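The form predicted on its own is given below as one chain in structure tokens.
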Amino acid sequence: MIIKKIRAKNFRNISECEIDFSPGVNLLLGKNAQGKTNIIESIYIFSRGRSFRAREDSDLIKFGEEGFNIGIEYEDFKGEGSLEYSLYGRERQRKKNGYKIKRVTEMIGSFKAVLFYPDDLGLVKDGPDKRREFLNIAASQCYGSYMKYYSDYKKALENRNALLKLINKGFFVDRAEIESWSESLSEYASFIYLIRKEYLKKLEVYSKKIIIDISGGREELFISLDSDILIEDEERNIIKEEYKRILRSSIDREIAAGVTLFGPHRDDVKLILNGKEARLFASQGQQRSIVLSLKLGEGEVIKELCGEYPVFLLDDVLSELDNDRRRYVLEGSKNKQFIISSCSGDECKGFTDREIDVEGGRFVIKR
């Protein structure tokens, strides 16, 4: 999969632009705060469905303007495609191949991209939220049904939590109503659990090989899902019944807390490096190797499950890597499309197919 072109109007500091990309390594070159990350952000919106750094889409509108519009043209093994997204006032409009679509879930999965940016270096040491977010985004690109199950799960969780809070505050609520939401929660949770578990098994295979290559055989990485389900079974109905049992047995504790204490919303991704929990024992260099292996492994899983590589977006991370890790990334760019933002072209000298100068929200292709 490659992105051929992006258009943006009144997005962040960009008044208007149109950029054509090479199928190989593209370098967005410029000083800080000129618009490099804005382009990567606009591209990734079509993969993830929302910005990776803004809480509200209204934050993406250029100052003084009423709204923004972005669009991409891409190509995959099925042929050419296009996606558009605009926001003016409260009106959102999404289009896929020129036709309006209602939900963001209809867009996710059409265009696939892997993002690697400086905040990702916290994947190992940060809390479970960060690793869950990584897992949700990665799984949603490979399993078309994942986001629907996850969205339905969150709605059921919200309703169940609301009832628990009412009881906690002394209001009467029929326990049968909580049981009904527990049933729905368990149904969606069983799908989420099995998809996450399957995805992490595949990710472990690729990430383990990558980190061995990076470390010269000194590092061994194991990845698993840390969840409330302790039984080893892949039968969905058995998993569903186990979630129901857990929720039923913990109801008094949950009423006291006013929230649901168990389920996929509390899952974590366990990373074990050389037999020790990476979150507690990995050095800074080892953390970088783990994150790099996770991101590159994510691309390999997409290749396995979807038939082709995603677009790789590297936002100002080459400067965070030492020479060996940087070279490993760039030497692996063959037959893949990379879009890299950097303040210095020296970081990927000899690997760049197209260089784009960025200054004040303007973009000029140098070669």
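This one's a predicted model, so the numbers in the text were calculated from it and none came from an experiment. In this text, residue numbers run from 1 along the sequence as written.
The next section is about a form of this same protein that is not shown, the form predicted together with a small molecule.
You can rule out all but one of 33-41, 330-338, 317-325, 301-309: in the predicted complex, only 33-41 has residues with a heavy atom within 4.5 Å of the small molecule. When the small molecule is considered in the predicted complex, R53 lines it closely, a heavy atom lying within 4.5 Å. Contact check for D59: a non-hydrogen atom falls within 4.5 Å of the small molecule in the predicted complex.
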